[in-house]
Structures are given as structure tokens and as C-alpha cells.
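First comes one chain, alone, set out as C-alpha cells in the form predicted alone.
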């Protein structure tokens, strides 16, 4: 039975940690607008072609209104990162959304990231030192991948260093679509909300040189700033998005580069390829998680198919990034690929606000590892790497390495 004759279970089951499911190529070729069944049992529409995904991400009629009565529930009990009233607090579109992006985006420019680069490098060096002291084999995800983005985003937001490690559980409950029930998810969200409320109050009383203090100093909505609730939820969103996605990507990127030793050797011989290698790792990532769900507020044609109002669409950027009509030799990892118009950070008005931060962190990790641990290699066969199941952003359970 071909992909266009059946309703697929989504996410599509796949045991291979780094390789795409075989169904992606079949869907792009024969059924680019496919019916799928979500973990909740509800139906949604899956897009796998580059041009269709890009079209939807740029169209304001595809919204994040996933609490609409006829929107597909992503999980059986309606829990997960995309649900709940908090998702609606940050403006979804129009001038309000652009205003929010302008206020917050000042802290995520390429210029500011370059200024932060030396501090990021020092953090990465210290974490590598600690991993080396503990001895090989080590878990690169736990030793470097997870703590580096946490420390960086916490510093940007003015979170005390002593509180950095509290965010692991909170972000996991908000981003895992299958591991936790609604009650546990809401309890964790409540704890996180209270913490951020207290932190914002502390910044209001004693401002620092950080993003939260700057948002507070901009005043309230009547003065062109954000409301107290919007500042609080912005902090929560950035803490989760700013570390979990990059933490997992660091592990996956290094695993992809070590899976074929010639890739690592190429970078050792020519470190100037680090920037293009990072972009190609982002494009090549087949374990990128759930994709972006969107709710359709009007009837629209996508990929030659009429989608009725009320349709819930899942945009698989990872599948789109393997589209042979856009990327030559798309199934090959080409460390020199340029230009590289991948959709790993989305597209349009809702493209990832923190992409300059993520790129800088990924580049710094490669620079430090290539310099400090040139003999780095996977400590297990690639086939033994395991995916983290249910995580909205996709990741590996461990990345065992030796040097």
C-alpha cells in the first residue's frame, strides 16, 4: 500500500537515530499533502515538500490558534508545549507580533552574538575540561550539549547561575508530547510560571544588564512596551526555546559529523568550513522533532490540494530540507554546500528569533571540539544511538564519545 492510499501514524515511527524515515521520499514524490493520525487520535495534514512548507509558513491564514474547538489535539489529553492559554499571550501575527519581535530581537542580533562569542567559548572550554577530567567515554550531550545553551540563555535573561539546572525538567515537560500527562505538565508549567514571576519582580526592583530588565525598562503597553504577563511568558518561552533545541542539535550535529569519519577529518584539515558545516548539519538533521503545527482559518490550496478551513497542518521542515528539487544530492551531507536555504529555523514572520544565537553556539562548539579533542569519535556504533521519544524538538538520548 503506497503512502497516498493510507493514513500514516504521526510522528512516523523510525528506529534509525540519524536517518530519515523512508516514507518522506515517498510522500514528497506521490503524496506531498498527506492525511496523518496524531498521538491524540485526531487527523491532521502533513506537508513534506519544500515549496509547500515554505508557502504555509509565510501565509498569515495558517495560524498558531491550536486551541480552536475544531483544531486537532496533538496529544490525547491536550497537553504539550503547543497547547494552553499561555500560547496565546505572545501576539500571533500582524503589527503586534512584529512589535514584540522588534523589542525582543534586539538581544538576538548577529552583532550581539559576536560580542558574546568569547564568553560562549570560555563556557565551552570549561565544560570540555570537566568532561576530560571525568575521563572517556563521556556523554557529549550531558557534558556539553545541554549545559552550554542553558548557561548562555540564563546569562542573557539574568537568571542566577544557581538556578540554571532547574530548567531541565520544566522544559522537558513543556516540550515532550508523550511522556507526561496533562496534570504533570500543568503542574510544571505552574512552577515555571511562579519562578519567572518572582524573577521579573526581582528585576523590576533591581534591574541588571539583561533582556528581562530591558523589557521592563521599556514600560508597559501604553508606553510601547509589553505587559507584565507578556514579559513573564516571553522569559519562559526564551528559556525553553533557547536551550532545549540547541542542546539537542549540538549532540546531533557532532554525531552526524562523527558518523562518517571523513567529515570530521575534513573539518580538522580546513576549519574555515565550520560555518557551512553547521548550516548543512541543520539541513541534514532528520531527527528534528514534530515539526510546526498550524491551524487554517480559511480555505486554501496547497500543493494542488484544497484544504478546508479548520484543517490542522503539520509542516515537516526536516522532510522539506531533503527535497531533491531544491537541494542537489539532498541525501548527501555536503560540508561545503552554499547557498543553503534550509528551513530548520522556519521561514517568514515566525522564523526562529534565536537563530543567530543557535548558529553561534553550534559554531563555537565545533571550534572548541576540533581544537581541543581532534581525536574525538563515537564510543558506540551509529546504530546504537537512540532517539529521545516524544520530544517536540527531537534529540538523542546520549552521545557517547571517546578521545
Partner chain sequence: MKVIVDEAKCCGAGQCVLTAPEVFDQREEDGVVVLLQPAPAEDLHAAVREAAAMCPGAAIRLDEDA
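Everything numeric here is computed off the predicted structure, so don't read it as measured data. Positions refer to the first chain, counted from 1.
Another form, the form predicted together with the partner chain, is not on view; read the next lines as being about it.
Candidate site formed by 98, 106 and 351: every one of these residues places a non-hydrogen atom within 4.5 angstroms of the partner chain in the predicted bound form. Taking 261, 134, 309, 102 one by one, only a single residue has any non-hydrogen atom within 4.5 Å of the partner chain in the predicted bound form, and it is 102. Contact with the partner chain in the predicted bound form, judged by any heavy atom within 4.5 Å, is made by just one of 378, 368, 356, 33: 356. Only one listed stretch (41-49, 334-342, 368-376, 23-31) carries heavy atoms within 4.5 Å of the partner chain in the predicted bound form, and that stretch is 334-342.
Though the partner is left out of this view, residue 164 does not reach within 4.5 Å of the partner chain in the predicted bound form, counting heavy atoms only. Using a 4.5 angstroms limit between non-hydrogen atoms, residue 204 is distant from the partner chain in the predicted bound form. By the criterion of a heavy atom within 4.5 Å, residue 275 is counted among the residues contacting the partner chain in the predicted bound form. Taking the partner from elsewhere, residue 347 is found to have a heavy atom lying within 4.5 Å of the partner chain in the predicted bound form.
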